[in-house]
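This document opens with one chain alone, in structure tokens, the form predicted on its own.
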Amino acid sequence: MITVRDLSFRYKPDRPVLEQITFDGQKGECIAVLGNNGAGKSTLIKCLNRILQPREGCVLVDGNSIGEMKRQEIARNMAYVAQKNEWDRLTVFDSVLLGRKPYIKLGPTDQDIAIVSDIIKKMGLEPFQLRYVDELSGGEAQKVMLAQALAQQPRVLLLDEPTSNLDLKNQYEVLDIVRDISKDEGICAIIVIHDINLAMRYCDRFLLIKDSRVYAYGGPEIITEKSIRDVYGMDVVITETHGVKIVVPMPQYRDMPEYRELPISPVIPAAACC
């Protein structure tokens, strides 16, 4: 589906932001991009679809190089949802219809209208489709942004902190939708996210970035006390409740007498994909 090889980027010659980032993603997978502030997570997904031009490396979708595609072709393969969006005075329906722009020539076809209507229904936006987006709540507007991206019918969906401004209920609703549609439509979703517990609940694989490089990449087994300590500089305990694994921050963990007696889970290093 998507293959990233040795991707590097610098804003300034002496300031590396990303160095030799390598990973792959498959159909129906949700991949969490994790790391502390300033690690280069948002820069990474902007490099994937050439909003930012990588200094080195390549990105392939189904074996085709993004670097050789025109902007319209990229938009047919990848959809990007930014952290924040400024909305024009458009209805929900018209905003989602903008996602069909890479396919529209003279005007929207019956097929375009049908695709938009179907996405609006799946996203639960039917009651709001004739309302203006700037009148909606944060959670509703976030769903509109996601619906617009899905209207592109992308192979890869890039989400930059999609839950950062949402309340608890809407965080889970949005990620529920992303996971379900990704699996149903065979889309690879790459999600920059700060909440490790949300990532563990909804994502299949995890890309940990530290010091501009991939610290580790793999399944849930790479989310360990040691890996989180190394990447975030904070002690945690990973436990389980009601069958769900959760990460519990323990800032004063080292001061606890029993700390020395607890086993530390190993970390699995990043492996070259494919």
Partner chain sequence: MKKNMTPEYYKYTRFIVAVLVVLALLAVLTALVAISAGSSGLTIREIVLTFLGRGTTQSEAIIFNIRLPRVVTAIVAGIGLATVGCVYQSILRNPIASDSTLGISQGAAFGASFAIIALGAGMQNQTGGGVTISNPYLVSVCAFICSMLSTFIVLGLSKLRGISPEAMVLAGVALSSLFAGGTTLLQYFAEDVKLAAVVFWTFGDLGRTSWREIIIISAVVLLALVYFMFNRWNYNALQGGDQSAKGLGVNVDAVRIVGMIICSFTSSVIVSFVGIINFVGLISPHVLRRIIGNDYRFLLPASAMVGALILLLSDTAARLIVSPVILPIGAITSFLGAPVFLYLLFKGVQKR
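Numbering follows the first chain given and starts at 1. If you're wondering where the values come from, they're calculated on a predicted model, not measured in any experiment.
Heads up, the form predicted together with its partner chain isn't pictured, but that's what we're talking about next.
Taking the partner from elsewhere, no residue among V17, D62 and Y215 has a non-hydrogen atom within 4.5 angstroms of its partner chain in the predicted bound form. The closest non-hydrogen atom of F93 lies within 4.5 Å of its partner chain in the predicted bound form.
Residue contact with its partner chain in the predicted bound form: R229 places no heavy atom within 4.5 Å of it. Using a 4.5 angstroms limit between non-hydrogen atoms, D88 touches its partner chain in the predicted bound form.
The shortest heavy atom separation between Y172 and its partner chain in the predicted bound form exceeds 4.5 Å. Listed residues C58, V244, I51, V248 were compared with its partner chain in the predicted bound form; I51 is the one with a heavy atom within 4.5 Å. Think of it this way: in the predicted bound form, its partner chain has a heavy atom of just one of K27, R205, K46, K210 within 4.5 Å, and the residue is K46. From the list 173-181, 188-196, 108-116, 136-144, the contact stretch for its partner chain in the predicted bound form under a 4.5 Å heavy atom rule is 108-116. Along 54-81, a non-hydrogen atom within 4.5 Å of its partner chain in the predicted bound form is carried by R71, Q72, A75, M78, Y80, in order along the sequence.
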